[in-house]
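Take a look at this single chain in structure tokens; it is the form predicted alone.
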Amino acid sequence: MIKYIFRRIIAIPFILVGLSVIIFSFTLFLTPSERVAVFINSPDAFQYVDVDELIEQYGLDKPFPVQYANWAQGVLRGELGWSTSLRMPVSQVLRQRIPATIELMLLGQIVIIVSTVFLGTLAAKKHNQWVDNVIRFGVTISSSVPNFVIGLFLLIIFYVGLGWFAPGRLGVSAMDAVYSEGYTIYTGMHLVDSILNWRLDVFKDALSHIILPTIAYAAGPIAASTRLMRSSMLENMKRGYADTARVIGLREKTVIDRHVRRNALIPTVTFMGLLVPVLLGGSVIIETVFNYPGMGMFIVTAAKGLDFAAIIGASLAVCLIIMIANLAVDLLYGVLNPRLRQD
């Protein structure tokens, strides 16, 4: 298992270098003066030297390998350029926005996994009964409605109508508490930090703001993965190992819980790994609908303002998040499939 984990981890830097070359190559479509924003970390640089000197300083008039090497050195130091849309260093923006998106993704993935396992198993156990038909009808409806439509309906019902939940990430009082002197920001994820700071009021406020985005974020993936889980469960319930377990006297519940479900999860986990880029792309819409200040809103703002440094920095961050998520899926796949670890 250790060798399996090591092989997956050691590949990350090489993949990241290849992706960074591709991402940086898009700057070749920009003029050297436009490319300067990718290198500087403050607009004050223009007050002391002119653009031509900056172009010479960063080698923007030199061949691509030299430009990439200079840029990569800055990235390793945490220098990702200046965001003209938010008027702050890109690295600072990412430190603020990445935890918000990761928090939404993690909570959404938990909801997706729990719902998929429960609904897929229940539908398979009650095959062609009314429970199975209700679940299939529900996932069909869920997969047919875009996530932004689900988000708008949730806002209309629970925010405008009932006033239970609100858009954004924190309320005013909770935000004041988070940025007060006695509050320590450990991860940037409010649910985690509020627990570490023993602030139940902040936890409740953060949870009330993230519930609706999480439901809208997870609705579509739950539908797709539940279908796969159900079909995989039905297929494994008919295999020889399941019949053998029944012959030796194991109860049907034990056969399903200990043997069938574990094997049925293998293709489902693989499918969830393929969903990670789709989910991250979907967070752009969800964050915009709910005014949730994460990577999605940052990317939209950067794209509308032609903020090249922010777009490049956000692209790198998204690639890294996807790679780490896929690593987690690979490790989980290895846990579920012992034969993979042996190979």
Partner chain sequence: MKIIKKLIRQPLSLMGLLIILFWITIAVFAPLIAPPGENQDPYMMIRHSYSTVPTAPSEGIPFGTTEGGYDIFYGIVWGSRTAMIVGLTVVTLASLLGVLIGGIGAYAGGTVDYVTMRVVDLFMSIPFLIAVIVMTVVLGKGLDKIILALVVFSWPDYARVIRSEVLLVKKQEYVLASRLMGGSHLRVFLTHTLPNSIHPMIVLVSVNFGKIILIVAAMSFIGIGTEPGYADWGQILNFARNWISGIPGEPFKYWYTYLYPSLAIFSFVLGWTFLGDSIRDIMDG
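Just so we're clear, the structure is a prediction, and the values are computed from it rather than from any experiment. Residue numbers count along the first chain shown, from 1. Superpose the two forms; the largest set of C-alphas matching within 1.5 Å is the rigid core.
One more form of this protein exists, namely the form predicted in complex with its partner chain; it is left out here, but the text below deals with it.
If you check its partner chain in the model of the complex, you find no heavy atom from any of F118, L234 and V247 within 4.5 Å. For the chain shown alone, P293 is not a contact residue for its partner chain in the model of the complex, no non-hydrogen atom being within 4.5 angstroms. Taking the partner from elsewhere, R227 is found to have a heavy atom lying within 4.5 Å of its partner chain in the model of the complex. Among heavy atoms of V300, some come within 4.5 Å of its partner chain in the model of the complex. When contacts are judged by a 4.5 Å heavy atom cut-off, I102 does not count as touching its partner chain in the model of the complex.
Residues within 4.5 angstroms of its partner chain in the model of the complex, judged by any non-hydrogen atom, belong to 152 to 160 and to none of the other stretches in 251 to 259, 204 to 212, 107 to 115, 152 to 160. Listed residues G188, P146, G168, G78 were compared with its partner chain in the model of the complex; P146 is the one with a heavy atom within 4.5 Å. Using a 4.5 Å cut-off on any heavy atom, the residues of 286 to 322 that reach its partner chain in the model of the complex are, in sequence order, T288, V289, I299, V300, A303, K304, L306, F308, I311, S315, V318, C319, I322. With the core held fixed, I321 shows a CA shift below 2 Å between the shown form and the other one.
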